[in-house]
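Given as structure tokens, the chain that follows is alone and in the form predicted alone.
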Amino acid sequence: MITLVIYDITDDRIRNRVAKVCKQHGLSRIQKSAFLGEISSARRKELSVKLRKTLGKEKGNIQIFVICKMDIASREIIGDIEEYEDEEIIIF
């Protein structure tokens, strides 16, 4: 299954740590505060634990979605896809 992580965190330090955790778990950045990738259920649970620990008691919101390939195939992208330094954009 495909995992989508989105977050809204104002603290730059915490936000950068969240991005690093997402990358370490095999996700690719699709927007400034959104990561997407295909990872196992076990890997997703590990990701959730690490993200929860990273946010701790700081102010912010992290959401993790599981999306099937059929649903992701029907997504519509409007506008340009921004490429992020040293990252390849994933389009399923």
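Counting begins at 1, following the sequence as shown. These numbers were taken from a predicted model, which means no experiment stands behind them.
In what follows, reference is made to the form predicted in complex with another copy of the chain, a form of this protein that is not presented.
Taking the partner from elsewhere, residue 30 is found to have a heavy atom lying within 4.5 Å of another copy of the chain in the predicted bound form. Contact check for residue 75: a heavy atom falls within 4.5 Å of another copy of the chain in the predicted bound form.
The shortest heavy atom separation between residue 39 and another copy of the chain in the predicted bound form exceeds 4.5 Å. Although the partner is absent here, residue 80 lies within 4.5 Å of another copy of the chain in the predicted bound form, judged by heavy atoms.
Residues of 45-80 placing a heavy atom within 4.5 Å of another copy of the chain in the predicted bound form, in sequence order: 48, 51, 52, 55, 59, 60, 61, 62, 63, 64, 65, 66, 67, 68, 71, 72, 74, 75, 76, 77, 78, 79, 80.
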